[in-house]
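First, one chain by itself: the form predicted on its own, in structure tokens.
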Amino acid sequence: MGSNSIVSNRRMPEKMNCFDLSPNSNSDSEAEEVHVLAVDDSLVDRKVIERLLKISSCKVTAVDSGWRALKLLGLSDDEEEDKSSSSSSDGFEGLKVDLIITDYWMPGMTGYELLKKIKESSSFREIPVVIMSSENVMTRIDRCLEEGAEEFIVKPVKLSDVTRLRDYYMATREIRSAGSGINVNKRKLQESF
């Protein structure tokens, strides 16, 4: 693979003209906004991904650890909470997010461990999780995809990567809405395009 590779568990459709995915396609911009939880221990990488997501018209909540992400989602254990955060209450517990993008290699809890905890949760298992890493290690990539990661992106993350993720999410959300609340399996959905 090249220096910036993407490995995906899904197949993108050649055309997606059945959906208008432009940021101004709906008069209610809140309905179009994708809320992304970005998790990275590196301040520089976190700011870069946050900026790219905001340019792509996404609402972003950025945190510096897997434990902090679990706390924001309302999934943390009390004993682990004390290890990861000096603040016991930040007002975000039970946060609703549409997509989670996380670094793989972080101290305390890896992105892989975060992925497993999210996929074990009945409340969050359907939320797409994207793993990113500066290391292109095939066994690591395969393990993440097998555990349920939507994609694995090799850093540096580019605007085109973020825009594609947003567009795919918007397409799956549109199909879910059209199905009157029917739960759509993302991996089966990709075959229907």
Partner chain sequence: MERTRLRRQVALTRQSLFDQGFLDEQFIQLEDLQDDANPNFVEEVVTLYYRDSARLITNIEKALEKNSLDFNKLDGFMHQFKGSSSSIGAKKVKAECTLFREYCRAGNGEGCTRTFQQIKKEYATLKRKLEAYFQVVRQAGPAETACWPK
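Owing to the predicted nature of the structure, the values given are computational and were not obtained by experimental measurement. Residue numbers count along the first chain shown, from 1.
The next section is about a form of this same protein that is not shown, the form predicted in complex with the partner chain.
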Could you work out which of S42, S57, N136, T61 is the residue within 4.5 angstroms of the partner chain in the model of the complex, going by heavy atoms? S42
Select from the listed residues R164, H35, R143, K158 the one whose heavy atoms reach within 4.5 Å of the partner chain in the model of the complex. K158
Of these, 49-57, 144-152, 62-70, 122-130, which stretch puts a heavy atom within 4.5 angstroms of the partner chain in the model of the complex? 49-57
